[in-house]
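Structure 1 and structure 2 below are the same protein chain in two forms, each given by itself as structure tokens.
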Structure 1
Amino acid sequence: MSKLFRAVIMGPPGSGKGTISERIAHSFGLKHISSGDFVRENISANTEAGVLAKTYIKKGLLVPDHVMTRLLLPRLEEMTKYSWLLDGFPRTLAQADALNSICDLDVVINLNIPLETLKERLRHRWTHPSSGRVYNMYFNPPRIQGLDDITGEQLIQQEDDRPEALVARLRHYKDIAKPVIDLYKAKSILYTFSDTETDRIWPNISTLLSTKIPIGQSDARCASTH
């Protein structure tokens, strides 16, 4: 059996993790696991961990490490036959240590986007609250302004996407991400990409992964995920 490939993508809010993750999943046949989507699924399904996560989210707090690991690790332990890309987890060193206890990562992609670019992107970001779908009024606008493409429901601008909250939010990300970045750098699996546009970053990420995932293996894995 081909060796499975396990990767993580990191980056601050507005760095393009979702867009890059979708391209990686499509091009290389990896399962894309978004921690945000998974949290929302668990909340909708009223699982025990989902109900717990909801209590923090309703208060405007980050879901703590012990709840996130309780949500994500069992799912990852089930995916023994698949190669995957994890998006949004681990956020903290405690989460990274928990992930390290169940698997070895092959690659960690770190998106290092200039602060002014992040502020500009987030200023134009609108969200469909119940699904978590994100739109950007410049490069990914909804078909009808202010409405979700699928449900037709109103889009909102998150409080923490507003300019006054942005700098504090991005500074907080930098503080908690640094030990995680240092950990993966020490393991020699961290690859950092910097630019102001996703389309300019993508070819470099694609080239890297092409050297890490032989085409034959990615095709086989792609077929096995459907």
Structure 2
Amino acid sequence: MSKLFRAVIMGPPGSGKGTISERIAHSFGLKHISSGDFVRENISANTEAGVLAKTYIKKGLLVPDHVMTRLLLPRLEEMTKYSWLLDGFPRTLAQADALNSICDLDVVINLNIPLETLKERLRHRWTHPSSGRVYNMYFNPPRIQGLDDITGEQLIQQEDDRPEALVARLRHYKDIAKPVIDLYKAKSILYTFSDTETDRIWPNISTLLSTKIPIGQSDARCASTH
């Protein structure tokens, strides 16, 4: 069997991780695992870890590393037969070390987007809370204003996406992501993409992955998990 492909996508809130992950999953047939979606699924299903995670998220905090790894690692271990792309995990060095103990990553995509662009995007981001699907009033608007394309349910603007909240989130992201980025740089698997537009970044990511993903792995049938 040819070698499976393991990738991580990193970037500050609003950098386009979710948007680009969907494109990668669709074009290259990788399983897309979003830590945020997975946490929300566990909260809805009332699993032990989900109940615990909810107590932190309600306070606007990140879920502690040991809870996060207890949630995510078994999920990844179920996926040993698939190539996957992980979005939203690892967020801390402890999470990166835990991930390192169960697999070798091939590529880490690091999105470097200017602060002004992030603020502007998140100001116009609308979210479907139960699925985590996101829209932008200009970039990818829903078919009917204010409603989710798939379920027709109401979209909301998250408190976290207000510009004032974003500056604090971004500062926090930078502090915790720096050692993770340094680790992947030292391993020579970090690929950084800097631009203000996803559509300009995407061709470069697509070219990179075309050279890295073994032939026969691009199977659109095993695309995104949601």
Ligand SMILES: Nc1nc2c(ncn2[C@@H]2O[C@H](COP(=O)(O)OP(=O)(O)OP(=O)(O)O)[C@@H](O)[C@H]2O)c(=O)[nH]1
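On a predicted model such as this, the values are computed, not experimentally measured, just so you know. Sequence positions of structure 1, starting at 1, serve as the residue numbers. C-alpha atoms forming the largest set that superposes within 1.5 Å between two forms make up the rigid core.
- Two forms of the same chain are shown on their own. Structure 2 is the form predicted in complex with this ligand.
- Here D106 does not count as shifted, since its C-alpha moves by less than 2 Å between the two structures after the core is aligned.
- Taking the core as the fixed frame between the two structures, we note the C-alpha of D148 moving 2.8 angstrom.
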